[in-house]
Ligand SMILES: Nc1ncnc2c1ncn2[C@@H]1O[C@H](COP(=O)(O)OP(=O)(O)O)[C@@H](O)[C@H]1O
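Here's a solo chain for you in structure tokens, the form predicted on its own.
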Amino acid sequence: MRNPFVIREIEADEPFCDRTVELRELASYASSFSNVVLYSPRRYGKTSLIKRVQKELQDKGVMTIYADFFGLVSIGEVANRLAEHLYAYCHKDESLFKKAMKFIKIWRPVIRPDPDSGFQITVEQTTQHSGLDLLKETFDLFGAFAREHMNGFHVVLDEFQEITTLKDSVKIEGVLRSQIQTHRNVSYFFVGSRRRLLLDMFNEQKRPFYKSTVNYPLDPLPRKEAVEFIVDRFLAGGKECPSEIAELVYDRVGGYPYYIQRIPFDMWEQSDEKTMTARDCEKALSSIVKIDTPFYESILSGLSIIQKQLLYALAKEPFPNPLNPKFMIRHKFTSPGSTQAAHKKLITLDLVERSDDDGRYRVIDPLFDSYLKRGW
């Protein structure tokens, strides 16, 4: 039978573990045209959740745009991606598509054949404006277009913190804030995995977006629901996973959503038995760490020696304060200043965080943590 677990982006009509409360709350914020900052570690299922929210909104007549800002290289690309995804959404309705061309006149849609989807929509600029002027005009025109639709728009700007990598990033934030606050029937969701960068944009007093949104953290999956999901999906695939084995999976990764799918996926693939065992779980864990080792090595290659040293130390010994003299002596740190700088960098990169349970800093990704425990 087909593997019942999914390790890619989960489509809106596929089985999804819990998130009932989050789905209801986020849909409610969107329906009331509130702006939300949605954040979590990487591979927490943000995109899959957002796509479900947008599917629910579409069923109510709300127009939806999903634009990914990952890899931005210029101010103009921010405007380009909004226009491109707007035209892509409107293309399914001829009258709406023509109306979009009338309003968003500084961008012309270009439709090309695509072997996978049948066609691809990109946009070409029709004005000489550039930089901040182009960004302002694009969002201004979009606001005018949105006012024509009483059911409103829901706009997701994924990996929104990538704006901070651009020149004049604070000015970009200022232009976007000044435009977005005038869009009365549009809900914006600012989504990201680089949580420190993203939250600083909305919570630092001197930044343009300060206190303009609802902060919405995405938490680990609840234990009971995740265990039931694992057991039920194995049954759907023609195998049995006793609840105690599903609990073992959950406990090994602390409810990390990606691994709640990934570990059972590998267990299902690797075992010829009809009933899962603890050995199957451990075998899958080892297999995933081995497969992902090049990814872990890539992360480490981008760190300084002291940053790597601290990352290994926190994997070995999660601790409330890495500047504690006893911790520093145990792990052979000699300079409080450089250790503090390394600690801040690891937090900014979302590699470590303070646990709400015990106040200790630890490695966020549980399998990366397992890899690091093997030693430097």
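Every value quoted in this text rests on a predicted model; they were computed, and no experiment measured them. All residue numbers are counted from 1 along the displayed sequence.
Below, we turn to the form predicted in complex with the named molecule, even though it does not appear here.
Student: Using a 4.5 Å heavy atom cut-off, which residue among S40, Q309, T339, Q54 comes into contact with the named molecule in the predicted complex?
Tutor: Among S40, Q309, T339, Q54, a heavy atom within 4.5 Å of the named molecule in the predicted complex occurs only for S40.
Student: Of the options Q58, T47, S31, N321, which one has a non-hydrogen atom that comes within 4.5 Å of the named molecule in the predicted complex?
Tutor: Result of the distance check: T47.
Student: Could you confirm whether R374 comes within 4.5 Å of the named molecule in the predicted complex, counting heavy atoms only?
Tutor: Output for R374 is no: heavy atoms all beyond 4.5 Å of the named molecule.
Student: Check whether C17 has any heavy atom within 4.5 Å of a heavy atom of the named molecule in the predicted complex, and answer yes or no.
Tutor: Close contact exists here: in the predicted complex, C17 approaches the named molecule to within 4.5 Å, heavy atoms only.
Student: Does the named molecule get within 4.5 angstroms of any non-hydrogen atom of R2 in the predicted complex?
Tutor: No, R2 stays farther than 4.5 Å from the named molecule in the predicted complex.
Student: For D357, is any heavy atom within 4.5 Å of the named molecule in the predicted complex, or not?
Tutor: Outside the cut-off, so no.
Student: With the named molecule left out here, work out from 279 to 287, 144 to 152, 251 to 259, 175 to 183 which stretch has heavy atoms within 4.5 Å of it in the predicted complex.
Tutor: So the stretch in question is 251 to 259.
Student: For the heavy atom contacts within 4.5 Å of the named molecule in the predicted complex, list the residues of 3 to 25 involved, in sequence order.
Tutor: Residues within 4.5 Å: V6, I7, R8, E9, I10, F16, C17, R19.
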